[in-house]
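Only one chain comes next, encoded as structure tokens, the form predicted alone.
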Amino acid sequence: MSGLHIYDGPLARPETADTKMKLIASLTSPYARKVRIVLAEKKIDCPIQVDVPWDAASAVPSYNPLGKVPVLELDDGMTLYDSRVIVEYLDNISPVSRLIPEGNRQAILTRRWEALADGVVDALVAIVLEQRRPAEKQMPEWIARQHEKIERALARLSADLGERAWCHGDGYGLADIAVGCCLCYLDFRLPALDWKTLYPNLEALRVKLSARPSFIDTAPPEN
């Protein structure tokens, strides 16, 4: 199941009834998955145009000059990128299931979780791209540096989570979505990394999040 339009409640129409948006995304992108989960949690109806930036015929650069997904195209043709900008926009246009808390300090702390989780994904993507190069051109020291970033970040995420049920505050929010996407992407791209034994609290969080419909419906395709 792709999960592009699976919602179990009334759909929110952002800003006005005639506002139309479109999400340009790859189904394997963890950044795009974060946005798709936010759309589902906030019950916002938004069609998805699947596009892989690495494909020669990709239209992504026409939406985002950086050639990256996700991109949110608004009804007036304006495009928003990257994922952090998009999720903040989505959280503000609909009152359903607020994911970023009120108050500057609480919001900033949530975005701190998101920045660290996204940083792990950045390092993972760097490893994947480097390993796609011919073996003789790969830089082992570059790959090792990315692994070090991941290991330090996971240690910090685990320490900050501690024994709490959720990453920030007393309930589910954007911090959990970002960390969940990060941990699931670790499983998807770097299954040999034994982080679950080292950080059982992060694994417990991943298992709990993976059972949510929004995570189930946005899981990357197996092939």
Ligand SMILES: N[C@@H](CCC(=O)N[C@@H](CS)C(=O)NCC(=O)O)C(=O)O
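Just so it is clear, the structure is predicted and the values come from calculations on it, not from any experiment. One rule holds for the numbers: they count along the sequence shown, beginning at 1.
The following text describes the form predicted together with the ligand, which does not appear among the structures shown.
- Comment: the ligand is not present in this chain, but in the model of the complex one of V38, V69, L183, A175 has a heavy atom within 4.5 Å of it, namely V69.
- Contact with the ligand in the model of the complex, judged as any non-hydrogen atom within 4.5 angstroms, is confined among 175-183, 158-166, 193-201, 26-34 to 26-34.
- Remark: D82 counts among the residues lining the ligand in the model of the complex, judged by a heavy atom distance of 4.5 Å or less.
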